[in-house]
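Quick heads-up: it's one chain on its own, the form predicted on its own, in structure tokens.
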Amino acid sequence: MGMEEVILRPRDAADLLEAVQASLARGMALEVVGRASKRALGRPVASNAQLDLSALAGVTLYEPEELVMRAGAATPLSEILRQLAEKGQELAFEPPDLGPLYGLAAGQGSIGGAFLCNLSGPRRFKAGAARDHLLGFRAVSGRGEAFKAGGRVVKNVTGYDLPKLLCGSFGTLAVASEVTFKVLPAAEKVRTLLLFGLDAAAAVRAMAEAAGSPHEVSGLAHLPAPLARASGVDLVRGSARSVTAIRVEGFGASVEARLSALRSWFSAHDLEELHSARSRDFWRELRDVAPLLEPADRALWRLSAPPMEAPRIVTALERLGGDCYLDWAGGLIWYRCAGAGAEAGPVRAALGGQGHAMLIRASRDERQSSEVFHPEAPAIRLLGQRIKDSFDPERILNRGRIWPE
């Protein structure tokens, strides 16, 4: 059997430690895979063995009254959400399901993958990112050393905040076997106010007004007319105009009062409301980038920038061709290129030095040859390399996924 065909399947944490130590001793680079739903996210990994973590799954602790859960890193996110829903709770950071973006069935992602890739949905600007909800973990470093960090409660500590360091590392620092995280009560009621016919500049102004209001909005997004027509939600699809969405969540009476106030606030606009089921469907579409899934061969970018810069950036992207929509009140721009080419230079130039752009979907060859992650300043890049040296000096974990090695 050739080295490229080797698949290691640890059964538990002890097995995982042994597998990493053996790989280190043999100089064998590992592609770390949880449930394989995000293998096409980031640069192609240069490996000669796969470390399959699928057996490290299952909820090992859930205390609803303490708002805490612990699970194996490869536990399906769908299973986490099911158990939380039974107790009227949720993951406040709304991790997206990116499987369909890469041609896979929905529901295949893992809880460990959500944290390691720091994936957050539309509630990000209010509830924080995934990294803000990770309390602790157990892992094995690229040095072949088992370690743990954090705990079951949020507390002040000295030294490195390892849970936050792990989030967004894409499996290049350590292999997580278990994660402990915060959960929160799910909203009793969800309502979405829709404003029709705004351009990007007017939409960003309206979203800024809503965000600055006392009405505690939890979602702010804008779809141009062509993408609104592709929605599975009838009131959005049938509008034939752009749609700017403002979400309000919480206890029933509070939601009704806040929504009524927002309707008065934006009474000069053409308005409509989405109630609970339609609201959840609409924000799930935005969370999972459903408006831009097809055509599947188009390159897809995720740009983050100051919200008030969004109209200028959208105008620059429209000159390149393609489609985009806004989330996080304009702080997040999803952009699908007109053609299959990734167009890294023009896309990053559209930012004008304000923000970051990450290539989310492209062919393997393009991801191999492009800077998938936004270029870093030399000092930041050097700091990142030093951290990598501390955790994985031999570069055996997800080699090349973020930067060429």
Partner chain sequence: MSLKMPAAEAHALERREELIAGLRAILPAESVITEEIALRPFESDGLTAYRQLPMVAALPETTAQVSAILALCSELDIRVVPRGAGTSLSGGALPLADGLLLGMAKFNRVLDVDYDNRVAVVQPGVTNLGVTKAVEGRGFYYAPDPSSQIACTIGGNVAENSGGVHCLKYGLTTNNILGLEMVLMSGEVIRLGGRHLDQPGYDLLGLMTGSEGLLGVITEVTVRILKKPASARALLIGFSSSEAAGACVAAIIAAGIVPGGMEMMDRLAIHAAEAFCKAGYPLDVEALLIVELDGPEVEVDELIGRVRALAERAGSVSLRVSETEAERLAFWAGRKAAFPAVGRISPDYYCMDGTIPRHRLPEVLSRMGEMSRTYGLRVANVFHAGDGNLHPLILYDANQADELERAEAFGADILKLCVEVGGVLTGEHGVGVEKRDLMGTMFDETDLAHQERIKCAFDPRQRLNPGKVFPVLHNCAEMGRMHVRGGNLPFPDLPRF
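This is a predicted model, so every value here is computed, not measured. Positions refer to the first chain, counted from 1.
One more form of this protein exists, namely the form predicted in complex with the partner chain; it is left out here, but the text below deals with it.
Remark: none of the three candidate residues (Y62, A71 and G400) comes within 4.5 Å of the partner chain in the predicted complex, counting heavy atoms only.
The partner chain is not shown here, and in the predicted complex it never comes within 4.5 Å of any heavy atom of L274. The partner chain is not shown here, but in the predicted complex it comes within 4.5 Å of a heavy atom of S304. By the criterion of a heavy atom within 4.5 Å, E216 is counted among the residues contacting the partner chain in the predicted complex.
Interface membership of R124, defined by any non-hydrogen atom within 4.5 Å of the partner chain in the predicted complex, is confirmed. The contact residue chosen from S177, T172, T75, T180 relative to the partner chain in the predicted complex is T172, the criterion being a non-hydrogen atom within 4.5 angstroms. The partner is absent here, but in the predicted complex a heavy atom of D132, alone among D281, D132, D288, E90, sits within 4.5 Å of the partner chain.
Checking 256 to 264, 227 to 235, 312 to 320, 92 to 100 against the partner chain in the predicted complex, the stretch whose residues place heavy atoms within 4.5 Å of it is 256 to 264. Residues of 203 to 222 lying near the partner chain in the predicted complex, listed in sequence order, are R205, A208, A211, G212, S213, P214, E216, the criterion being any heavy atom within 4.5 Å.
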